[in-house]
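Take a look at this single chain, the form predicted alone, given in structure tokens.
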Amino acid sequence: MKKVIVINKKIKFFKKKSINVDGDKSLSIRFILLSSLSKGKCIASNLLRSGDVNSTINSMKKLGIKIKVKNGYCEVNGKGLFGLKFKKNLVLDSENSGTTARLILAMLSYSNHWVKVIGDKSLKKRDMGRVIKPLKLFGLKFKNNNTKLPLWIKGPKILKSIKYNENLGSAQCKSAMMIAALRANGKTKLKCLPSRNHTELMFKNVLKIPIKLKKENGFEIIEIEGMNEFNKFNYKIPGDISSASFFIVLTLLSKKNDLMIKNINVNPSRIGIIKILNMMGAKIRILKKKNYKGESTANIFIRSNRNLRGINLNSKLNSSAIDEFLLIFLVAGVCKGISTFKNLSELNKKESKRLDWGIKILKMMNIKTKRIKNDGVKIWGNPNLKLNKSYVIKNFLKDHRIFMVSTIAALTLGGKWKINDANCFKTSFPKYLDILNSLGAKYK
């Protein structure tokens, strides 16, 4: 039976509270994969223990890597670039994780057996073609012409270096090519539209891999010299900005509250939501900023503020907030004036069709919205919005972000909400409900 959560009371006061959120998912997955290719024992603290990270760990264990995890402490015994073990009839299950599925394909380059990569019902609907195309150029082989899971893959031991233009702004595609380039003979050169840059920072500042990075005419140019083994490393994983964003908006839209969220990854390629909300009038502050192995970490301070204004967003900010647009739409719904967002086709390629769902939830709350050309949406905000009806959220393919944004809407705007698939948040943020509890949220 599917678990259901019911919320019929707004959250009350939690003034001068501070919280920590779970470790960054992107960094946790990359740590597991890259430490497996190192030479020696790697250690991470504050590793995220979510469904997506667990699927990555389970896949690497099936490839012969010894991994121990306890209380956020993770120990990985790396076997080097060519130390993975490939058994016959090997099946790797990425479950709900698009990042795991796309990056794991690049890890399988020298298997002399076909390896099958599978996923859950939601992941099977997501296109893998953006990764398959460049990986084939490296020399990897795929059965049939499928671009969706399940996929069968094998490849030569040594890959060919490539030159490739990545025009989607996909960090997963870029990272898959960078991982494949580690085993390529020669120099791989990538020209990519901007996207989150965690893999580049880890290559340069943690793994010390020969890599050149520069910006040119709005693109990121990446050059990687292949066939360079790298040594063991340790890593302290900061909190996830995507997880923190739910509490940023919870505080912003509630009454007379303020909140400090500690030790968050504020990489410039990830803090689009803070920039966008501040453009709307939020006045969110980034405090005690530090540099850790190329990544920026800081505390985030938010104060309640419903005196917000609509925005005509420049789509150049889309990639730095792509996982947070459901929250941004919710805030736009209570702004004064009209908000316009464009070029958001990528939202409908996530766990669910998030652009469609964002519009559906706003219309359910009687907020005027309109789909516009270029995969955009126009939202007429209502600063005096008060909800008093019943709302049911279901059939959203267990998309964790739809579940969580629905809880934020319920806790800040009112009404009686019945939200299905209430365990799905565990794929990315296992402590989510515990933190809501600590702030005084009431639900059944």
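Residues carry their position along the shown sequence, with the first being 1. All figures in this text were calculated on a predicted structure; none of them were measured in a lab.
The following text describes the form predicted together with a small molecule, which does not appear among the structures shown.
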Heavy atom within 4.5 Å of the small molecule in the predicted bound form: which of Glu220, Asp258, Glu346, Glu95 fits that? Just give me the one. Glu346
Exactly one residue in Arg130, Lys204, Lys262, Lys353 has a non-hydrogen atom within 4.5 Å of the small molecule in the predicted bound form; which is it? Arg130
Can all three of Arg30, Thr99 and Gly169 be found with a heavy atom no more than 4.5 Å from the small molecule in the predicted bound form? yes
Please identify, from 369 to 377, 322 to 330, 297 to 305, 356 to 364, the stretch that has a heavy atom within 4.5 Å of the small molecule in the predicted bound form. 322 to 330
Please run the contact check for Arg183 against the small molecule in the predicted bound form: heavy atoms, 4.5 angstroms, yes or no? no
If we define contact as a non-hydrogen atom of the residue within 4.5 angstroms of the partner, is Ser26 a contact of the small molecule in the predicted bound form? yes
